[in-house]
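In the block that follows, a single chain appears as structure tokens, in the form predicted on its own.
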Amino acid sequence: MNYPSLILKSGRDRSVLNRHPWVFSGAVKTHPKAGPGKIVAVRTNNDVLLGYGFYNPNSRIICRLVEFATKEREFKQEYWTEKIRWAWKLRRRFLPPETNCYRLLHGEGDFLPGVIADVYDDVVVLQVLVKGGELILDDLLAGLHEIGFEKIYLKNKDAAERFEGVELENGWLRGEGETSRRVIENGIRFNVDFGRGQKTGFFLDQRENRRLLSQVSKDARVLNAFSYTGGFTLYAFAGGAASVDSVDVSSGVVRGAEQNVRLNFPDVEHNAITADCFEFLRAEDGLYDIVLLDPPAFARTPKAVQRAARGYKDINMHGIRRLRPGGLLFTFSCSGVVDRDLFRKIVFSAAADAGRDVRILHQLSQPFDHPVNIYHPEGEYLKGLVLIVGA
């Protein structure tokens, strides 16, 4: 099948030759005669085929490559099903025991740009964030059905409609029923509300970092700021924490954290606190052995980076000040536009202003089910540090 061609300007094909999957509008010499979301062939100025991708003239990223190729090929249902099979095999290979919630498809990390699929027991919660994903939706559903999933729920972001023109309504695509599940992660039980919760309902990308916390929590007094529904809180108790304060600005998620704690550890000392985390950290009313800082993304666009840096510095400086000598700070950023080096510099500045001795023990990222395409470093959005704080 002959697909319409997108021709790159001379000298602007280097990133595609290096297998980066994004083409920006400024690199395009000749636009294809194709509608938003259609598959197009990406070619050099000399008409050499480089690959195929989803085209969207209305998007900042004008083409997202799904295949690097030097020979012409066709994209039928089996092509997309095979990508899903490979992703499924990877998860089955590395998924830890006593775990039935994980990310099955991770966009560019699984060579399916703009497609996210999270599994909660028997349900797949799907995000289709680009127009091309919408146009192959039936093929995606067929592939998910082939590997055994019959209940599929769409939970899209508003930005997918605004910036990509995706026209899909949230709700059941296959099956029906309650939009919540009780899931298990490393033997710990969580109630997940994928219908109303943030993102797809739970932060699956912190699984291994939560497990690390459990290994150092024995007898500790722990502060979990930006706690959401208590992921880090439960792992701290699993590791033998003496007490945990879970703080979030939303009273609803604080109640959810308390419910999750009592589901697993009915008799522990847990304080579920509804408060602004910035204000709580600035208060001088107690020190902790471990402080967790896992805030929402402070920056979603490059223009917001400077403001985000101030926010990250503020919470880290006060987080360090709230630690006893020898205490541990687990600190994270999930802002994709704040890279690892910048985040480390921000934390360095916060430590200097706090006036404490600080050493790095661990540098953290996302787990195997959120794979990073080595040619697409933007996919490594989660970065974290474990610091030990002295006098």
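In this text, residue numbers run from 1 along the sequence as written. Here the structure is a predicted model, which is why all the values come from computation and not from measurement.
Below: the form predicted in complex with a small molecule, not depicted.
Considering non-hydrogen atoms and a 4.5 Å limit, which listed residue (R210, K131, K155, K83) is close to the small molecule in the predicted complex?
Of the listed residues, the single hit is R210.
Which of these residues, I184, V216, L95, V249, gets a heavy atom within 4.5 Å of the small molecule in the predicted complex?
That would be V249.
Report yes if any heavy atom of P296 sits within 4.5 Å of a heavy atom of the small molecule in the predicted complex; otherwise report no.
Close contact exists here: in the predicted complex, P296 approaches the small molecule to within 4.5 Å, heavy atoms only.
Indicate whether F278 is a 4.5 Å heavy atom neighbour of the small molecule in the predicted complex.
The answer is yes: F278 has a heavy atom within 4.5 Å of the small molecule.
Find out whether any non-hydrogen atom of Q206 is located within 4.5 angstroms of the small molecule in the predicted complex, and reply yes or no.
Contact with the small molecule, yes.
Using heavy atoms and a 4.5 Å limit, would one call F111 a contact residue for the small molecule in the predicted complex?
F111: no contact with the small molecule in the predicted complex.
I need the one stretch from 301-309, 287-295, 95-103, 120-128 whose residues put non-hydrogen atoms within 4.5 angstroms of the small molecule in the predicted complex.
Residues of 287-295 come within 4.5 Å of the partner.
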